[in-house]
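The chain that follows stands alone, in the form predicted on its own, written as structure tokens.
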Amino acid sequence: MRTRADYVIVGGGISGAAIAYNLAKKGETDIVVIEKSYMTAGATGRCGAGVRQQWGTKMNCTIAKMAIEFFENAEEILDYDGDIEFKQRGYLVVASNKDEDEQFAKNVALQNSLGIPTKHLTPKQAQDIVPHLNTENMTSATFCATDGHLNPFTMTDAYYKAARRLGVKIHTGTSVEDIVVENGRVQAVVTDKGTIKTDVVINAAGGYAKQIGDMAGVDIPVFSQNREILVTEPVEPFQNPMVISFSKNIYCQQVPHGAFIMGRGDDREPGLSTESTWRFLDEMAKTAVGLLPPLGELRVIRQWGGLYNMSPDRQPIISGTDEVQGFYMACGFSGHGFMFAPMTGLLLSELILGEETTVPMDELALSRFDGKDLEAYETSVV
């Protein structure tokens, strides 16, 4: 193992991969990524694989739109020899009550003002897009044709292969045990395989981001919570877009090889468990069949849990901190780190290197929680 590096990135998911690649692309060569298990073992490999631009805050919309534009050309940009399986089949977002419908109207206006081609639809128009959609108790829907699906494993692999070609070193099966800070500055990362001296640590640890912050003496106001997903047997294609409902607490899509992936939020206590439960299976089955009746004919193959790392305003924290010089973080994505990753990597690399950032970073800074009224709060989360 290396004993010295200019940058140590903690976390081997897609955020860590994108940060490593962007720093290396900008000419930084002495970069080490530390992952306690295997690449994508955490939230990245457990996500629902959807990518959307339909959000309720300007910042999330902006980040998502730029990320989609990257995904459209990712194989060429990263010179990838595989298939990231990016399919732009749209997201159909269902409103179930008047309040939700009114919020969706505001969301569409915001998204359109940013160049996102979302449309506000009647239940009949929504059913024209997804014929098996049950429109009972449905007030409206929104649809964006450029949203879609992406393979989290091959997308992350594309980033890491590109990063390795640029000189990034990756240590899997290596746990971070401590971060040494002296006189308010990062000095080293202590792992179970040895100590790496460094001036810069980047916390991209997903569900464990708070614990990594604690090691450095930085109190990050995030918490992690288990979210469950199931996958069905593969069948012939009959649903193109992701169907999602915030009030019904469901997202559901048919992936390119034919299986349906569906997930939902959970009100369980915060924690690091990724267990899978019968309660989830029961509730998901009732919700899915009620909204999309033909799904009742499908057999469930498996189910699993994964961690959402939640921020107070459900927007990411992409930031440094005045508390500890040389400590940076990309966390608090509230379940959407996978789809935001291209911009996470770009913005954090710009911030670290003192460059002008592609978008203003105030709404993403850790300091926004310092006793201030939050400028925005994202409600479009399952």
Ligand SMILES: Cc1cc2nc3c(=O)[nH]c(=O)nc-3n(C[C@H](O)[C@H](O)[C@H](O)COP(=O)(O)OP(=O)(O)OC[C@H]3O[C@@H](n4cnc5c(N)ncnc54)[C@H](O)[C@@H]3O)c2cc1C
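Residue numbers run from 1 along the displayed sequence. Because the structure is predicted, anything quoted here is derived from the model rather than measured.
The same protein also exists as the form predicted together with the named molecule; that form is not shown, yet it is the one meant from here on.
Proximity to the named molecule in the predicted bound form, taken as a non-hydrogen atom within 4.5 angstroms, holds for one residue of I34, A67, L347, M329, which is I34. For the options T57, T44, S319, Q54, the one in contact with the named molecule in the predicted bound form, meaning a heavy atom within 4.5 Å, is T44. Shown alone, this chain has one stretch from 126-134, 113-121, 302-310, 82-90 that lies within 4.5 Å of the named molecule in the predicted bound form by heavy atoms: 302-310. With a 4.5 Å cutoff on heavy atoms, V176 counts as touching the named molecule in the predicted bound form.
Contact annotation for G50: at least one heavy atom lies within 4.5 Å of the named molecule in the predicted bound form. Contact check for A158: no non-hydrogen atom falls within 4.5 Å of the named molecule in the predicted bound form. None of the heavy atoms of K210 is located within 4.5 Å of the named molecule in the predicted bound form. Contacts between 14-31 and the named molecule, taken as any heavy atom within 4.5 Å in the predicted bound form, involve I14, S15, G16.
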